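Subsequent text provides structure tokens for two forms of one protein chain, presented individually as structure 1 and structure 2.
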Structure 1
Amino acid sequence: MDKVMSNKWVIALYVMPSLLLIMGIIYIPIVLTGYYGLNEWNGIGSMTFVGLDNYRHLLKDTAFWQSAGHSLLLALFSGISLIGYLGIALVLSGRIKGANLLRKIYLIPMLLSSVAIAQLWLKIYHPTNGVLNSLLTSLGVENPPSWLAEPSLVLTALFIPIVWQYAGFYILIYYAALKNIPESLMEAARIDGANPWQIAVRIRLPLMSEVIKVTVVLSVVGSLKYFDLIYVMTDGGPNGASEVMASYMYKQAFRSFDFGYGSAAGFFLLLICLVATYLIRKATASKETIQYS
């Protein structure tokens, strides 16, 4: 048995293709990103080694820091909106008829491509014929704003479709975690006279703390590297008012053909994501894991 199941050839055959693939497509490229960042390069010609110039320049680049600020704002906003999703999931996991159907309806936007969502919301926000301003006008609002063209509104206007896209996903995760908590625990608390609020805060939330941590990491890191919807809807505009780190990096490399500088920004993005993951994990690390069942 052991001899058959530790056959080196078979193991190599099973593992090598996948291992080579993630090495070639994920790990080697992230190392190269860091290295390209040390060079002056237009993507086609030869590279010139410039040391830490690109990184130094990046640290002083106000346009980059502005985009990093937007990414951070998005991360903050996404993190806070988790509370809302948690609330909805708590309500949904009570004795609600049709909860199963509702959570499926909530999930639908998450299944659609970001491009389709972006194009749809471009139409929703259309200044004159979009459904939003049509409704506002019929409610008596004169001169409703042209949402995506106003520097002061554009970020908020972009957050809404992002929430729309991901709400169902987080509600679903929370709902699944809540359904995993044994009913007997809640029953016992009820007999002891706990009200629904106490049951939620004292019993259900602590039991799903692991899931909550995972979703915080997911939403924060997901926001820090967010790209698709913003790229299609505003392309960072107007005048950089909705630029985020990933779109800034993309533009530097594939529009200005400054691959060295773009790589430096890409490497920075990677570091920020890894550091954010580490910090959140560390900040939420509990000394003891709660196990009631």
Structure 2
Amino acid sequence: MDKVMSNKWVIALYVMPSLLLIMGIIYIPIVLTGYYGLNEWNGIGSMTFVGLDNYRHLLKDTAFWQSAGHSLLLALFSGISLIGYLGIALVLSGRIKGANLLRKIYLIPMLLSSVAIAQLWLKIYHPTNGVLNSLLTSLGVENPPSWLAEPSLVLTALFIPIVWQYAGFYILIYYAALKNIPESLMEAARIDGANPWQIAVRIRLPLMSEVIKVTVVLSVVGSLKYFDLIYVMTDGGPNGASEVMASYMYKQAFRSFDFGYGSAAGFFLLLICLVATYLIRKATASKETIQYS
């Protein structure tokens, strides 16, 4: 067996299917998207090569940069929400009553599609019959706001269901990482007189640093390319107040039938995600890796 696995041709034979799959669904589409961005194309007829005109136009497009700002706000909000997820995971990993039930409850949003979640929150935010405004009216608020129709409120109203949607995913990751830490380390700290806060800050969080770095990247990059729930709930409205980069790219390509410009926006979105990933990894890089057995 060792002789067979040491053969380079055998290794190549095993690797080739996965490599072809990755090339077909990731790298080739990326290259094609970048190429389409160099052309003027309606998606059906022949393409006209225009060089970097689409990219130059994109850099001057205030609507695109407004959507980019909204995506960055969502990324920032999602990154900050990780602190709350981590806090919940720390509580659930402790010896509290009902922890198993709470873990299952937090996972419920993961079982729902984005469209179902959007429809649920549309009912909650309904200006006249919604649960939220009905509650505010019962508390004495005479004119509760139209959450999805006011430009100053729509982003906040959208961020809440997005954070709720992914809460179970990140809580589960943090919970698994916490449970992977040997209990003997915490027990030794307790014997030495450490309180729960000191154990969390001095032992648990440092040992989870690599997991936290991964979740920050996932959260930020995922927020930058977020699309589906915003598309269903507001379609980027009102008047572009909730437009994000992914929805702007979609509208340019599939509504305005400007696939060249839409592809340029998509390729630029990819570059922003790569830069964000690089900066996060650079900012959180450490020369030492904490290990435990």
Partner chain sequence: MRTEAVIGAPPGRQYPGRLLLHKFGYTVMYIALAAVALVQILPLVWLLIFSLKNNQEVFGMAPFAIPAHPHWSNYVTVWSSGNIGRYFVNSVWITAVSLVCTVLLASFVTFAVTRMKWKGSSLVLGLFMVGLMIPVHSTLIPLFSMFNKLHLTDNPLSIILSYVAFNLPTTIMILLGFYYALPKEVEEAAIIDGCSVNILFFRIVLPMTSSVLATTAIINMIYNWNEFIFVNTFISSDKYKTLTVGVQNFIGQYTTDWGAIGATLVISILPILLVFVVMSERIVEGIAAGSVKG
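Just so we're on the same page, rigid core means the largest C-alpha set that superposes within 1.5 Å between forms. Every residue number counts along structure 1's sequence, beginning with 1. Note that this is a predicted model, so its numbers are computed, not measured.
Note on provenance: structure 1 matches the form predicted in complex with its partner chain. On the core-superposed pair, the CA position of I11 changes by 6.9 Å between structure 1 and structure 2.
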